[in-house]
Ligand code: NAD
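Below, in structure tokens: the form predicted alone, a single chain.
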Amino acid sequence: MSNELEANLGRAAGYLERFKAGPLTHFIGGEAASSTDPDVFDNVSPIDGSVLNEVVSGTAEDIDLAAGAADAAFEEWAGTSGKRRREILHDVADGIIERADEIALLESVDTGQPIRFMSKAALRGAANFRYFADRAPEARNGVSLPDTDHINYTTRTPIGPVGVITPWNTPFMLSTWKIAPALASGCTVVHKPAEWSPITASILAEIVQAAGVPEGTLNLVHGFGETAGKSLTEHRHIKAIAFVGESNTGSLIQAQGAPTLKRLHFELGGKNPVIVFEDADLDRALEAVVFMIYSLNGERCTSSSRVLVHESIYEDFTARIAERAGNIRVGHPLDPSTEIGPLIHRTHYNNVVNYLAIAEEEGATVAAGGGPATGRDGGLYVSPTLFTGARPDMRIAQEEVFGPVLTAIAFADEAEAVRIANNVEYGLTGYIWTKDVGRAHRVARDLEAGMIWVNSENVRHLGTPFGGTKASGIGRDGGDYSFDFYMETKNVSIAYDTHTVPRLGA
């Protein structure tokens, strides 16, 4: 065991100690709250199957209390000046930085994500709060729209209490990505984190409360989607739902929110193509392809899980991917040298491993990996895997695996590459590697996806629109796009005295 791993294990155990003292509780109306149901559930480590801590299981009654607290707090928070909200949200960011080591280590233990990636989780979360904090003073701003006899101007107002349901893959960062703009806009929040990775959601609630937001502005209810999540999406006080997760779950939420006409924002699944043309800088393309599927354990919606390679370079390029995949270090997530850790949960692990069997049944070639990682008994470790010789109609080329599994498909020309890329139900991202500027623009135009990167891996700029098409989502995050979701736009029309009012019955 390296000195760094030993040190990380010691600090993580120390941070975890207080969460073992009793069940992880809700946070409602500014204070820790037990559930109305005595049932608790185990939060299990993906590293060795041990129980990290117990968590209270939220009920419809708990959601009702949290939604009521958010509703009661809304007037005060919405009426807080943008300048003051900016100050408070910067204090939140400061609080996140102060607890960055704790957040990173506990997130890594809770999710199985390597510490090399989770070490930046707090920094990314703080950056989200600072970005939207600085935009809070102008969140209500609109535009002037003069007409011949009227002057029109728009303004925005916060929509009300909102529900935020976040996933388990990078839970802290994605929670801040939703909660920061909601608070900056003047909304109050009920947060339901994923039951497989609950710990850092409680830390965020503590930090937000300590920064001085009014009681009830941010509320947290732990639990399962079928109970707490469903109750949140149906609750009459909740005006909008921001959800990150599976496409099938998004469909359920859409139906559940329909009776109360909730506004919805969905960031859902993906089966994202990275298209490598024969004229690309192949060394740089290789780095991006390997990074975007094998980093974060392959458990991210924007991973490039299909690599489409021109037939003239297919054999050589896929051989290079296989070589790199075989060199990737699989190990304990708190070891700084680890590049892939264990998958989040036994259920998910079984699903990923099942796809490995499906690939062989369909006739794909296992060029790298293809099963559980050796020498890692007790943990949910999967070898970084590459399938070659795949057809576009195979399940491994159509369905989201959400693990360190890459499917390689050959194409003959630009038109075929676009057809293969678009022939899935998803449309989140696309990646293009070529030196031909005209081709880059054409393919970017024709790909059915919400976000395209050319000659780059996924690099997020907080002001740009983030979201997908088709089964990958509804709506956009980022910059003003976030405020458009969390706020209502109002138009005010004022007539000049030159305006003639129609007369009836004179």
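So that there is no doubt, residue numbering starts at 1 and follows the sequence shown. Note that the coordinates shown come from a computational prediction; the quantities given were computed from them, not determined experimentally.
FYI, the form predicted together with ligand NAD isn't displayed, but the following is about it.
- ligand NAD isn't shown here, but in the predicted complex which of 368, 174, 396, 408 has a heavy atom within 4.5 Å of it? It is 174.
- Contact residue in the predicted complex, chosen from 166, 113, 185, 305 - any heavy atom within 4.5 Å of ligand NAD: By the 4.5 Å criterion, the partner-contacting residue is 166.
- Is residue 345 close enough to ligand NAD in the predicted complex to count, meaning some heavy atom within 4.5 Å? Residue-level check for residue 345: no, no contact with ligand NAD.
- Query: Do residue 402 and ligand NAD come within 4.5 Å of each other in the predicted complex, heavy atoms counted?
  - Reply: The answer is yes: residue 402 has a heavy atom within 4.5 Å of ligand NAD.
- Message: Is residue 153 near ligand NAD? Define near as a heavy atom within 4.5 Å, in the predicted complex.
- Response: Judged by the heavy-atom cut-off of 4.5 Å, residue 153 is well away from ligand NAD in the predicted complex.
- Query: Do residue 224 and ligand NAD come within 4.5 Å of each other in the predicted complex, heavy atoms counted?
  - Reply: Result yes; residue 224 sits at the interface with ligand NAD in the predicted complex.
- Item | 245, 256 and 428 each touching ligand NAD in the predicted complex (heavy atom, 4.5 Å) | All three within 4.5 Å in the predicted complex.
- Query: Among 331-339, 360-368, 415-423, 158-166, which stretch sits within 4.5 Å of ligand NAD in the predicted complex, heavy atoms only?
  - Reply: Residues of 158-166 come within 4.5 Å of the partner.
- Item | Residues within stretch 179-212 having a non-hydrogen atom within 4.5 Å of ligand NAD in the predicted complex | The stretch touches the partner through 192, 193, 194, 195.
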